[in-house]
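Given next, in structure tokens, is a single chain: the form predicted alone.
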């Protein structure tokens, strides 16, 4: 007999989270409040994403958990352990094999399918929080579509740096209605949200918010006509291991030669390329 209910939560908790998730899917980009549960991991370490995953997972699902591109970080490994202990479902490091992908700070390089769900962990779901501390006021601003504060923030970055200087979590407009925080993914991953085949769910446990981007939904990164949105330039970077180009790379330093080199940030993508080369 298992020590836990399937997927840790009682069935009432799962239903409550699912209701909030359905509302989030019905109103793309809108932040739905929910009763965030206590988890056996600290808030801020992925509890929002984990609650989404545990409320949706079934016995036939296959889970993949990544943290900044790797399946083997402390955060990813411990989340996988909890899911595995309380469900017994299969886990994988291959993006194509997973039905649910929980991720921190990255969207995989492998294009996702209609039968997949990606769950993004979110520390700060409110894109207006940097300019307005009041939750009451930010709700009213969203209702009025009053986003001049965000536009002013981007304009000030251009004045100071000559460009929009958001390194990650660059705000996006979803379905021509709500401005949304895409979670701290790099700008390189923002275009992957536009008309994604997979359902994208975003959960913030500490802030008690769930929001979503349904499949094939329009997602635009905020930008000015004369200062268009640009992703990180990876055009000249080649992975030292698999030879990949045009994907998000990590810049590393060789300890012996002190020379710079690049490797795929998405470790499983890199390994799959290497395995395919070996098979050929």
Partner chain sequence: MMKFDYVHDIQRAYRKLIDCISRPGTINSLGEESQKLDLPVECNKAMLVLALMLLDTEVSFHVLGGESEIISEKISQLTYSSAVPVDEADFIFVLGDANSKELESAIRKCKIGDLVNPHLSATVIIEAEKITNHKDLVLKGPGIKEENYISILTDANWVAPRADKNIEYPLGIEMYFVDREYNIAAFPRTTSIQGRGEN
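Numbering follows the first chain given and starts at 1. All values reported here derive from a predicted model rather than from experimental measurement.
If you look for the form predicted in complex with its partner chain, you will not find it shown, but the lines that follow are about it.
Visitor: Please run the contact check for residue 55 against its partner chain in the model of the complex: heavy atoms, 4.5 angstroms, yes or no?
Guide: Residue-level check for residue 55: yes, a contact with its partner chain.
Visitor: Closest heavy atom of residue 229 to its partner chain in the model of the complex, within 4.5 Å or not?
Guide: Output for residue 229 is no: heavy atoms all beyond 4.5 Å of its partner chain.
Visitor: Looking in the model of the complex, any heavy atom of residue 114 within 4.5 Å of its partner chain?
Guide: Yes, residue 114 lies within 4.5 Å of its partner chain in the model of the complex.
Visitor: How about residue 33 - does it come within 4.5 Å of its partner chain in the model of the complex, if we only consider non-hydrogen atoms?
Guide: Yes, residue 33 lies within 4.5 Å of its partner chain in the model of the complex.
Visitor: With its partner chain left out of view, which of 177, 84, 129, 194 would have a heavy atom within 4.5 Å of it in the model of the complex?
Guide: Only one option qualifies, and that one is 177.
Visitor: Look at the candidate spot formed by 80, 108 and 262 and say whether its partner chain comes within 4.5 Å of a heavy atom in all three of them in the model of the complex.
Guide: Checked in the model of the complex: no contact with its partner chain for any of the three.
Visitor: Residue by residue through 18 to 39, which ones have a non-hydrogen atom no more than 4.5 angstroms from its partner chain in the model of the complex?
Guide: Stretch hits, in order: 18, 19, 21, 22, 23, 25, 26, 27, 28, 30, 32, 33, 37.
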